[in-house]
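Listed next as structure tokens is one chain, alone, in the form predicted on its own.
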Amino acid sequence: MSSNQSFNHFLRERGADWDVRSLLYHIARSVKYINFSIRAGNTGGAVTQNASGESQIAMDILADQIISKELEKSEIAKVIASEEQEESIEFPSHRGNYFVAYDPLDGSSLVDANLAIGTIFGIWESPDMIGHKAGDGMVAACYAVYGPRITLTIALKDKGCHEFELNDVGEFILTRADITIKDDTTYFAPGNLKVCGENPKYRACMERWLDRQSKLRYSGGMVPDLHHILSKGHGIFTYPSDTKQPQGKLRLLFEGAPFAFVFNEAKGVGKTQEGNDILDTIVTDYHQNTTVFVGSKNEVKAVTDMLA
């Protein structure tokens, strides 16, 4: 489905809460500014490390600053947390009571290779997530893809998953409403393949895909790979644990929970390696890690059953 329906008009039509619409409006603005910066070539090499010990490029830092400033302008977000910052930021004067977690530039190591990258957001109607399930109070999640087209895909609690594209005049216009994915698939995007050398069960998953002549679709970027699954209407993305990172590498609040929420709204599923719902994971730290198995329901179940 495509139309000329604007981002704000569509959200109003779907009955999105005013505060959530306001937050998404400021998120969309930040995505535009990040895109402009990328197109202007403000990328740069690695300059420091983020709170997770990963290398940052100049664009990581700039994207983080753009988003935090926009969320501050919203006066709706009470607390925000960034994958690039060790501590959360609180805005005591804000009238809203929302928590927003985000990964400013997921896959930034792919910038030099000119591959698609993205930004991920989760929105909760609660200022403090510690001690709660990752899905408690979650009202929306979205992600942007900076590729040949600039898209923003939004999921609203019980209101579906929808894609918007940035047009020539700087507006996000609806391109697909009510995105859903099938229960079975022929696409697979396997992360952390080195685990095959230490976990025979994960190697067996790979062999199963190869024996079934499944189609490999993996760029090394979580955002474009998961967007491919939504675009094609089926697929599975996997990122298991290894001996060095027994809890997994991906972050629960910045990556795992937002995408689990998006896929739930698209009739898919997001599970941990043990087969538990990612959104049922208790939050103990804003930077805690998780394993991620996301995509078509039957395939995710089959793979997590093999790894159990």
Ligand code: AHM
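The model shown is predicted, which means the values in this text are computed figures rather than measured ones. One rule holds for the numbers: they count along the sequence shown, beginning at 1.
Not on display, but discussed next: the form predicted in complex with this ligand.
- Using a 4.5 angstroms heavy atom cutoff to this ligand in the predicted complex, none of Phe7, Cys142 and Gly160 count as contacting.
- Among the residues Leu62, Leu250, Val283, Ala266, the one placing a heavy atom within 4.5 Å of this ligand in the predicted complex is Leu250.
- The candidate stretches are 180 to 188, 85 to 93, 121 to 129, 234 to 242, and the one lying within 4.5 Å of this ligand in the predicted complex by heavy atoms is 234 to 242.
- Among heavy atoms of Asn192, some come within 4.5 Å of this ligand in the predicted complex.
- Contact between Ile154 and this ligand in the predicted complex is not found at the 4.5 Å heavy atom cutoff.
- Within 4.5 Å of some heavy atom of this ligand in the predicted complex lies at least one heavy atom of Gly107.
- In the predicted complex, at least one heavy atom of Met222 sits within 4.5 Å of a heavy atom of this ligand.
- The single residue of 202 to 218 lying near this ligand in the predicted complex is Tyr218, the criterion being any heavy atom within 4.5 Å.
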